[in-house]
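So this first bit is one chain, no partners, the form predicted alone, shown in structure tokens.
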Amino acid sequence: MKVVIIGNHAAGLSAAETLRKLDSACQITVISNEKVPPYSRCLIPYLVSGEKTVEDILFKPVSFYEDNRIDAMLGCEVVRVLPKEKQVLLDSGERVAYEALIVAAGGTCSMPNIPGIEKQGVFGFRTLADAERIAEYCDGVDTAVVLGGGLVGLKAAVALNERGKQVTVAVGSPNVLSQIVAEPEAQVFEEHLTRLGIEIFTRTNPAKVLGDEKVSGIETTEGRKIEAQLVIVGKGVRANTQLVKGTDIQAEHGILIDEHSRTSVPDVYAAGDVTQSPDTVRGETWTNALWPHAIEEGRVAAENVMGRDTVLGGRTSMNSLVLGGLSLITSGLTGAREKLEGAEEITRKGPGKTDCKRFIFQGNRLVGFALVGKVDNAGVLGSLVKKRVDVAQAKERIVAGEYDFASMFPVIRDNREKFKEPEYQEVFGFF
């Protein structure tokens, strides 16, 4: 069988590895618009801060393709999927045929359409090449503005701060991290980042980039001018769905896939940041651009290409990060804009000044949580969320911060049919 994979990051490489493990004779072609070996995209901030080198963030050896007998077409751009012909069209005009296709094309940083965005010193923050260009350009600047207060923007801001730059973050929303946390957690992070020396302006949107050939700052829609020798766009990542536009492959915010990672067209699968996949908690498809989901979707796609009947496990939004030494873990419906009818939110602060917990319950189910500072045992809570467990008997303990495995075991035991993983079955064997 000839399988073509578009993309060589987490989802694409997971698919390629799985295919090779299942079929030593399968012809695998990986096509990527980047010319570099597979690297961990979530680690590129450490290149900017100077904490890591390119070699440090590679998650596969340079010899990976050769070792696994994979035909790697690096530096090649797929511009269109042609499902009726079972081919993909490259920017060179070449066509590559397939018997099965796995689209793992990820997303692209969407630059704002404002005057001056093309000036020297303005960068996206998505790829290894972006990080290398920023790191090189950093040596000649003292001030920087980051557009966007989400995960990407704040990681960029902290990286620049650690390089000794004076950093300002312009956030269009009322709070930072608004897509994954609400005001209580956002306030903790804003205060923490301010203590690090990072200036944050909320409800602030760029109107134009200032300067001649090189950037000298930005002007906001409110008329404020912020001086900067470097501008990083840390917002607006969009799934690369343009590859399937005009085909029968259905897409909304991402390419729609079912629990088998299948698209709406036979023999075409999708995985990773390009997808819109089933969300257990929300009960609908959602764009959850997360490394663990990408790995799973790539594996599930490959196993189904090989004729297996593999399904995705329970999943929902989740985030884990450390910004300037302060930890955050979230899962489920935690964003400031996500409000469930009849949901109950309970927030607890302390004991430390940066410790904050928020729990979202709907009926007897925990449908989301956000932990800032002390994040121990978040994995236990995450399992309760994505498995939609009735936690009525343990609600008070959860709110009190007593959600270690031993404390939650009565709930897990009473819902053992939902905990089928080997590690749980081993524990159940003792009871």
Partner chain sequence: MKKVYFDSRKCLGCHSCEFACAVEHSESKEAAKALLEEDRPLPRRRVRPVEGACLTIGCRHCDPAPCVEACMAGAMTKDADTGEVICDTDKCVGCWMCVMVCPFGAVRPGEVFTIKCDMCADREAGPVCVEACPTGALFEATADEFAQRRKAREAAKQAELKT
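This structure is a prediction, so every number in the text was calculated from the model and none was measured. Positions refer to the first chain, counted from 1.
The protein also exists as the form predicted together with its partner chain; that form is not presented, and the subsequent description refers to it.
The closest non-hydrogen atom of Arg413 lies within 4.5 Å of its partner chain in the model of the complex. In the model of the complex, none of the heavy atoms of Val188 sits within 4.5 Å of a heavy atom of its partner chain. Among heavy atoms of Ser40, some come within 4.5 Å of its partner chain in the model of the complex. Mapping the unseen interface onto this chain, Ile346 falls outside it, with no heavy atom inside 4.5 Å of its partner chain in the model of the complex.
Here the chain stands by itself, but in the model of the complex one stretch of 84 to 92, 100 to 108, 288 to 296, 177 to 185, 288 to 296, has heavy atoms within 4.5 Å of its partner chain. Checking Asn205, Ser327, Gln250, Gln166 against its partner chain in the model of the complex, a heavy atom within 4.5 Å turns up for just one residue: Ser327. Contact with its partner chain in the model of the complex, defined as a heavy atom within 4.5 Å, holds for exactly one of Asn377, Ser49, Thr29, Gln362, namely Asn377. Taking the partner from elsewhere, every residue among Leu58, Val322 and Asp404 has a non-hydrogen atom within 4.5 angstroms of its partner chain in the model of the complex.
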